[in-house]
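In the form predicted alone, a lone chain appears below as structure tokens.
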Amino acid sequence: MYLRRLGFSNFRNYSELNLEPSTGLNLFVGANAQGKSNLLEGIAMLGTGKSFRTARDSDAVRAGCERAVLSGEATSRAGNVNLACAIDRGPRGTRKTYTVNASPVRYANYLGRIRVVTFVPADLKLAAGTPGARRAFLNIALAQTEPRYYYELARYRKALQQKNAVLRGAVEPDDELLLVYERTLLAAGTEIMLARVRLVDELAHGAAAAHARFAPDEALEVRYEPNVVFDAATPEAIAAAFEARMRHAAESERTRKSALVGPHRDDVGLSLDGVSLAAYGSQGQQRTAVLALKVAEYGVMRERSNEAPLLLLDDVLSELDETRAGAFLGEIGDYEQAFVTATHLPPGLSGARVARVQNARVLEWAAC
């Protein structure tokens, strides 16, 4: 998969951008605050419909403007596809719309047309950051590779919000209504946990193998840590365990006025030689583990879709020493198209198409 054409209109600090990237490695070099990260953010949003930098869509609209548009044409095994994501900012709030081949579509039908794997400086905190960051990591990968996952996740989140409203007393207490919400949580949550356990199992194998090549003296373990512990990764076993946990936690949930059980409290555990990476790993060990995890994510997404996703690296090579940076690019190796930003030309990088980014303009394509 690769992008043939990319266009921005009033996105971040870009008033207009029209770009024809090449296959292989596209490197964007420039000083800070010139638009390099914005460029990669736009490519990611074109693929996933969401920003990897902010939860507020209005932040992505250029100052003084009411509408931003991201557009592009991609080529995949299924053929060419034209995508557009528009963000409209107004007094009543912000709205996003999506089109595929000029036809409006819902977000769920937009996802997965262009698959992307991003690696940004914030990802280096996956090893020691909050469980929410690791859940988001799983959600993004699954939403791009399993069409039904986003639907179940959205259904779960809505029912969770409704259940919490009842528990807080924000709506009239109603045991029958609470039971309806819990049945939805049970059905959607079971599907979410099934998808997550399968993904983490695949990631674990890939990450352990990559880490063994990065740091052969240490063994990386990646494991799914569900809030609901189940005996077997089957729909029946997960649903039974989830239902039992909800019944057991019912009184505590009423006391604390919040849903305490379910995949919204899942985590992913990372350890080296059986020791918690977050608690005891050095900064270098944590970075190496995240590199291995990203290599695994790329490999899993490629294997599941039978084609290479776009690879987006936002100024992470400068966060790594030359050995780790070279090892990471070597592991990814067979990407079809990658976009990398940097403040200077990374040492040892060859075969790239290089452009300078200055004041939200992409200038002077050249090969290195």
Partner chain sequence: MTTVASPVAALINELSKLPTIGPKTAARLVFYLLNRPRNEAQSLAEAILAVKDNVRFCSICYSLAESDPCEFCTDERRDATTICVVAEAKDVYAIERAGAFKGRYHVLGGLISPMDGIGPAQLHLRELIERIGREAPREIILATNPNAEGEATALYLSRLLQPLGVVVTRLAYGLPIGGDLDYADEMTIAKALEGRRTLSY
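Residue numbers count along the first chain shown, from 1. Bear in mind the structure is a predicted one, so any value in this text is a computation, not a measurement.
Separately, the form predicted in complex with the partner chain exists; it is not shown, and the next lines address it.
- Among the residues R256, R106, R213, H205, the one placing a heavy atom within 4.5 Å of the partner chain in the model of the complex is R106.
- Note on contacts: among A165, A278, A241, A84, the single residue with a heavy atom within 4.5 Å of the partner chain in the model of the complex is A165.
- P235 falls outside the set of residues with a heavy atom inside 4.5 Å of the partner chain in the model of the complex.
- Within 4.5 Å of any heavy atom of the partner chain in the model of the complex lies no heavy atom of D231.
- Interface membership of P147, defined by any non-hydrogen atom within 4.5 Å of the partner chain in the model of the complex, is confirmed.
- Not displayed here, the partner chain is approached by D174 to within 4.5 Å at the level of heavy atoms in the model of the complex.
- Of the candidate stretches 177-185, 220-228, 126-134, 191-199, only 177-185 has residues with heavy atoms within 4.5 Å of the partner chain in the model of the complex.
- Counting a residue when any of its non-hydrogen atoms is within 4.5 Å of the partner chain in the model of the complex, the hits in 79-102 run P91, R92.
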